[in-house]
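Here are two versions of the same chain, shown separately as structure tokens and labelled structure 1 and structure 2.
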Structure 1
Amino acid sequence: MVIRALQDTTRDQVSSAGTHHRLADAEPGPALERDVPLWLQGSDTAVAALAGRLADGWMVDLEEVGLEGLATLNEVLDHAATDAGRDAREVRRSVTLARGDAADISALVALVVDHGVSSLVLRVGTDDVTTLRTFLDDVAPAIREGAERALPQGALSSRPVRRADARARRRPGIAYNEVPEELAGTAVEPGDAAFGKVRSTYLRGGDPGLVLRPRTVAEVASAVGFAREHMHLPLGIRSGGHGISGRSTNDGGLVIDVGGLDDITVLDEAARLVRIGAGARWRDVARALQPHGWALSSGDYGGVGVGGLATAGGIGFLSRKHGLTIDHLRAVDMVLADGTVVRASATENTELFWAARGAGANFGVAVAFEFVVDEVDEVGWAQLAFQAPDPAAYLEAFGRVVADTPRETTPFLILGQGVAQLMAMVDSSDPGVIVSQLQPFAEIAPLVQQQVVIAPYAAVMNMFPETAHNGRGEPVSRSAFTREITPGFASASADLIRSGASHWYQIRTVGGAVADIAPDATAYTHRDANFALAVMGSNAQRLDRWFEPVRRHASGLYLSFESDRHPDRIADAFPPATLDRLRRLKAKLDPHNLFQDNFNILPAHDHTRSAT
């Protein structure tokens, strides 16, 4: 089947030797949200048999075949499906009704109960709005009510009956037929058309056995309950799918994707209090806040999901002026491992509130956040490129300039072999302030390209288009904090860059308002750092060889940019007192360690289980 072959986006290329149409090494896609069902219409046995063998649905005109003919054709279809190795329920049945047929409710109920009809199509004139409205408002509910009374409980279900070829791709160890009813309609399995859209994340390739996509908090609790019954499988929690440290996809396991919980609501305009769903994207948050003259520092890319960033820290382009994303958090709603929904704030579940700001993914599934956002006018946005033949010298000069730069400016540096790229945001709409704070950076090395604009924060968060996630392989990323760029740090970094072991070397500046918060006020403790380093490569062993000298001149790490799952990295992320406190809370809230997807913190009582 040519159409079905093209829908299979799990393959790089597809071929199909059809009778009438053929494919040879064609590229499938695009990935769709749902299957495109193939329906056949006809009232003879040949059409019914063909529908049973191949189709997703069959439509017939009741006036043309009558009830006896419908029963006969249904039997033909069922036998053909069974002979083809299919479940006859895979083929939906639809009947077209004349206007007069719509008056007999009992006869219509019998179509559902006795003949397995799942949809009724009423044939009316284009101007007969009254008949159509009566059918929708009165007749259809009465049919459903009658069918529910006549059929066994649960027989009328929104649970899709997947084709045999889709069921054949199910992974072992997952009770697919026990997925809660409220989740079944949106769940994605490996054989579904939407699987190509959800299998991978931004950087990591994946092949999960089941992706649950709850749309309400109650459905998140149901998904967590299902995960508890499958603790033998890997579990990923996904908001936007950009996580590097977190897996949020896996091979053969479960993924709970909260992307459907994306509401953004202003709770108190005077207090600038905003409630944001964990599945929202930061680009959408920025757009929603812009008309109010507000912004919330939120990383460097608008496609990132709120949930992951808002539980790890949130180093963004406004950090030096306004602090981390977590510093604006006033409350978080979270589904715990036992399925209960709790609210954590400065006055309720205070220990969880402390942990949620820096290590939150270990304790539950965050479903909503309440933030106090900042008043932010238009900002200065600069993108500068430099010649940097001596990366060590450039780094040291960059560090000196940052030390003298006012808080209004937050620069991020990407350094490569012979070139440096600087992106900086100045929290001011005054051209004089913008130029004066950027000028020292422009003088570090010869400029080869520059662009400086005054724009809304939302424009920066939306400067890159949204693209489908099609990660491949396993991301290799390393992270470190440092208070200053010392000659030793700069020299080791230059050696790393020249080695070719890294294709991405980025320094984000912090300090400023980030350091105004006490180190023990949140689980994010590295408040004294002025620089956060993220390095990425393609080979973990090679990258580690060159990164280790850099690490010796640094301290700590930022969860969002570390992919090494060795237990030692937990100690780098959290000082001993912080880690002990987190493990005690873990033992209380998640004693069986259900949530171990993102930089796993072991419960205090578990001294034997590996953090990997």
Structure 2
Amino acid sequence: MVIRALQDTTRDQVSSAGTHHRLADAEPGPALERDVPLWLQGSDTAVAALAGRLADGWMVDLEEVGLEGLATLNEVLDHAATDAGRDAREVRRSVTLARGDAADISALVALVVDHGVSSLVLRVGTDDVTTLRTFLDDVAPAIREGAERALPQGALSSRPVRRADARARRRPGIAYNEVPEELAGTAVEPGDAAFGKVRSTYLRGGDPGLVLRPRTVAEVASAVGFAREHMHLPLGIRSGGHGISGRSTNDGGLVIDVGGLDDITVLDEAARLVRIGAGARWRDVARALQPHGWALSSGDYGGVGVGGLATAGGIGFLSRKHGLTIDHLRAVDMVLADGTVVRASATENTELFWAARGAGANFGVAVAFEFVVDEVDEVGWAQLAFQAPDPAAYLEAFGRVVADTPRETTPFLILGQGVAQLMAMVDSSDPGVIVSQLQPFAEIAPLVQQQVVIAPYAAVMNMFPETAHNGRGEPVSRSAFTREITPGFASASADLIRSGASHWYQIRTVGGAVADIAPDATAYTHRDANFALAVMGSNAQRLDRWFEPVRRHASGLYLSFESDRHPDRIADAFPPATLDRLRRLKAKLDPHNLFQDNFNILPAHDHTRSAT
């Protein structure tokens, strides 16, 4: 009871009042990566009954109890389990065999078939390699074969049998027992130890009913198939789980977590062509590319997953010089709603290739991307802090400086009450270039802190340590683009900052290479914008009251930074011609609207799924 209590990280404190072992308001944890089965060993009825009530396994020495004893104790265990409201299958039976027992295969098969034994442990001297080899190579396969022949098909499933207390936390409407065999071993349910680590995203608290964790493309297809059988439930697709909008988790629905598909492979050294799994993190991508002298602009934080960002845009620290992440995409592999796996590129499934770059989440589960990455030497990395008592004046000056700044430099600004923090990357390892491009920013307002270093791009992506995703509640985030920082935009922004309705006001600069691409070349259309604004608050109504005036001086939105689920936001994200084109493709590829939980583009035909 003490061990189980300390593993229950859903609670803040745990107590257990026993005669021999006690806990009083102890801190549970650390959270387990997986349920560690608790096996009891003993040959008396009291232990067998205890195992039936509480344990995940029971071990007994066959020599000690004999076959008859085993049958009797098994019965005791079964009764105790049933009396405790458990399924007797929850407790795995393990017998320890003497060396001589390993010779009689039919007797061993009988242990499995007649006594429900599913673990056979051979007592063997450390020097007796021959016996061990024979047991592994000949006896074990023969037992499996014999048992499979004698038992009904599927009886020897590797599907985990969950404890009754874990099953009690299941959510309605999910066919837990029909999770495909290949996904069952890695799937996480609300009662599992690993649930605490997969339920929430960076900012959003989640409580999904089932998290599927495919390890291969075929398993992703199988997970999508399972999701098709659950059209009545929310469906989140998770790569890194960092997304500000929080759409990669939900309440009571399904999550397909592709974090396991995280391979990073160089396909063509000369062409700088790299294949990256959707589940990789940008910090790992940066680390993998650094030895080649390469980098791929992503966002501003290395913990973000590849899949979410690379289907939405990718506004990062090298954007002005090298463009968006999606501008480097040459091909993407996606699992579509019907389970087929397709490759989209400039020559295959071209319409999907267009849509995947800015609206990918509506069309399937991206599993791998092929990017042409950039040659990037060490970069200049600046963190400047300013006094900014007049946010409007600071913003206008910032806008003017950016307009005159060469595209090597991509600054991100965080503006607060009285202070401004600027993070800027200069794609140059020449101190003279770095200083000359940063100097105009340093003159905007009194500097209170400055740090400028020359570092690899990977060092900037790995600046912050990996943190757990323990978001709680609903994130409230708003997004907009603007070509320039007009006096109206600046003054509405200043009002917003002073209101206290927002605790986070960030402007990322775009333009430059981003604007070199035609607006209709990708589903991301905001090519003429020079500034992307992201604002976060804790109360949506209050934030909107102050954000609406800012929005009137801006246009568009970036999906990754918008949490508002109002249908109007779709029209902000996609201009009418783009939206029509997306809706036609949606009707073709996902007519029943399986992928509708992340800024839904409705199919052009009226095939909406039931809203129960």
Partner chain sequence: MNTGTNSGTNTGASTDVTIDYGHDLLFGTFVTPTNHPVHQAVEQAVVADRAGLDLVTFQDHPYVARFHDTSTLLAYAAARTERIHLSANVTNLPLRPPAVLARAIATLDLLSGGRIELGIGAGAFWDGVAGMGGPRRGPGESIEALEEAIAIIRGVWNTGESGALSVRGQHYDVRGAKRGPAPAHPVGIWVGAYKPRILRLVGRAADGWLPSIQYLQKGLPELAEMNSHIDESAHAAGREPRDIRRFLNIGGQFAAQGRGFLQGPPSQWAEELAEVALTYGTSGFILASDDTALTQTFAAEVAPAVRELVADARGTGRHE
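Each form is matched to the other, and the largest set of C-alpha atoms that superpose within 1.5 Å is called the rigid core. These numbers come from a predicted model, not from an experiment. Quick note, the numbers are simply positions in structure 1, starting from 1.
Just one question: which structure is the form predicted alone?
It is the first structure (the form predicted alone) rather than the second.
Please check if Gly18 moves between the two structures, taking a CA shift of 2 Å or more relative to the superposed core as movement.
Passes the 2 Å threshold, so yes.
Examine Glu182 after superposing the rigid core and state whether its CA is displaced by 2 Å or more between the two structures.
After core superposition, the displacement of the Glu182 C-alpha between the two structures stays below 2 Å, so no.
So with the core overlaid, does the Cα of Gln387 end up 2 Å or more away between the two structures?
It does not, since the Gln387 C-alpha is displaced less than 2 Å between the two structures after the core fit.
Cα shift of Asp137 between the two structures after core superposition, in Å?
Comparing between the two structures after core fitting, Asp137 shifts 3.0 Å at its C-alpha.
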